[in-house]
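Only one chain is included here, represented as structure tokens and corresponding to the form predicted on its own.
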């Protein structure tokens, strides 16, 4: 019985390997915590734009940590250096870790060279939120926009990231689009890399 029941002993907690652990969080727990985050921030602000900014700031901190974790786990501490590489990473890997599936679409803006969009039919953070009429165009997708901005900034691709509702014909709920407008330095670097 060689090796049966033996557990490798680690002298230091920092020597233990990072396990992937349980990959899923209860949807009801997430919905409850997120609604509390929105309600708390709603009591701290006077207008919708400020509420969306606070949600984006909270998402930014999450995005920075998600980037570190995924670069360590998935990429062996390597980061993307090309624009399309980081967009693909956000669209597929980050989205799959956060929402359990790849985003519905990744598109390049037609009007501006520096704009890209990730679209989602039913973004998880908007799924269980009912918006009162007095809050108008409030979009909880600002939290996800903050996550995306945190990932992009941490990877060296500064961008202005915003969330927008886009009405879809034949559907009651609009689709959410995360719009990424990259800084001029990113486009210059991309052109230089060829």
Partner chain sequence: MQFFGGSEISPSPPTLTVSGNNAHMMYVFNRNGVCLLYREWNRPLHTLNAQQDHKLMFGLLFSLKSLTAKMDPTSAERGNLGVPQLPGQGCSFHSFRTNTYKLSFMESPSGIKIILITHPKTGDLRESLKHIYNLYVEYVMKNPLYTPGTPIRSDLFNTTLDQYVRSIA
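In this text, all values refer to a predicted model and were calculated from it rather than measured experimentally. Numbering follows the first chain given and starts at 1.
Heads up, the form predicted together with its partner chain isn't pictured, but that's what we're talking about next.
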> Taking 4.5 angstroms as the cut-off for heavy atoms, does residue 43 touch its partner chain in the predicted bound form?
Replying inline: no
> Would residue 49 show up as a contact with its partner chain in the predicted bound form if we use heavy atoms at 4.5 Å?
Replying inline: no
>> Just checking whether residue 31 would be counted as a contact of its partner chain in the predicted bound form - the rule being heavy atoms within 4.5 angstroms.
In response: yes
> With the partner left out of view, is residue 137 within 4.5 angstroms of its partner chain in the predicted bound form by any non-hydrogen atom?
Replying inline: no
>> To verify the annotation, which of these, 62, 160, 129, 155, has a non-hydrogen atom within 4.5 Å of its partner chain in the predicted bound form?
In response: 129
> Counting only non-hydrogen atoms, which stretch in 162-170, 144-152, 65-73, 33-41 is within 4.5 Å of its partner chain in the predicted bound form?
Replying inline: 33-41
